[in-house]
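The data below hold one chain only, encoded as structure tokens and taken in the form predicted alone.
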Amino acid sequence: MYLPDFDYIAATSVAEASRLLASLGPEAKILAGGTDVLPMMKQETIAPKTLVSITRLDGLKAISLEEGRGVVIGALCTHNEVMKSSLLQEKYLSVCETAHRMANNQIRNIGTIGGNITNAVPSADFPPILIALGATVTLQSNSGSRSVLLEDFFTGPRQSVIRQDEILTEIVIPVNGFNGSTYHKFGLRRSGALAVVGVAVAVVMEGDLCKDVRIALGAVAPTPIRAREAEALLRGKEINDALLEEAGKLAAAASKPISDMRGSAEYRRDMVRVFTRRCLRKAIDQGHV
């Protein structure tokens, strides 16, 4: 398979990239890491006439702690840069662990966290853990910027609220008190596989008391979703194995998986139950430390 002909423009600023996207319309697409866009072009799934590259925008490649906001991750940070960030390892190790479970080393060296989000693939790995941690994304255009809760960003498979002239510039994980968090996925290979099921959990524990909890599911609905009934069951209670099992069942009931070559809907629901229980136990144990 070969790439079709296309025009290539390397933007030198977010403002220029936004202007180009607005003027060229839907036939223009952003190019960051290219690990999703270029294969889709080869497969003729998409056929943009112009790729607007933002790879030169070094201002979108930092990971920092900003007072009053939290941990700010530039959208052009690669998976490996996220994985190796000392700040994230200190504050949110679960995000680093998520990056480590993604694809292979070659892809992790190129693929970006912003691309993983904006492609809006239901099986993407970053969205569940970031949703569990209450993350927001900043969308910027020449008409201004806006902050959107990540859980409100996705509207369907490969669909989101981002407008044609907008660029996702950063992901912000707020200071939220979560003292335990984790993400686990099941794939058909030991490494590099798409998630058949992905479950992320973040908790605030005080001893055995669960003060707060968020459970996010990936690859089992058209978009990443929260298991809100399972969260409500656990919130404000002292945790035991029976509660964890019931929370797993409620999370499974909240999922809306399809049957495909990677697994049946029934299998995926049961994996949600099992993985929710496991993730809750791991996050809760972290919260006890």
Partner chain sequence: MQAIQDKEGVKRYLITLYVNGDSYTRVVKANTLLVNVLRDELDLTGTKKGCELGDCGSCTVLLDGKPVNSCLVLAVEADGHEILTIEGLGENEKLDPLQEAFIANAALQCGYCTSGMIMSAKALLNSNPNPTEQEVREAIAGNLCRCTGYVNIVKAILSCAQQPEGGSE
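Quick caveat, the model's predicted, so the values are computed rather than measured. Residue numbers count along the first chain shown, from 1.
Just so you know, the form predicted in complex with its partner chain exists too; it's not on screen, but the next bit is about it.
- Contact with its partner chain in the predicted complex, judged as any non-hydrogen atom within 4.5 angstroms, is confined among 28-36, 259-267, 66-74, 238-246 to 28-36.
- A heavy atom within 4.5 Å of its partner chain in the predicted complex is found for one listed residue only; from N105, Q89, T155, N176, this is N105.
- Though the partner is left out of this view, S53 does reach within 4.5 Å of its partner chain in the predicted complex, counting heavy atoms only.
- Residue contact check for R228: none of its heavy atoms lie within 4.5 Å of its partner chain in the predicted complex.
- Proximity of V204 to its partner chain in the predicted complex falls outside the 4.5 Å heavy atom cutoff.
- For the chain shown alone, D285 is not a contact residue for its partner chain in the predicted complex, no non-hydrogen atom being within 4.5 angstroms.
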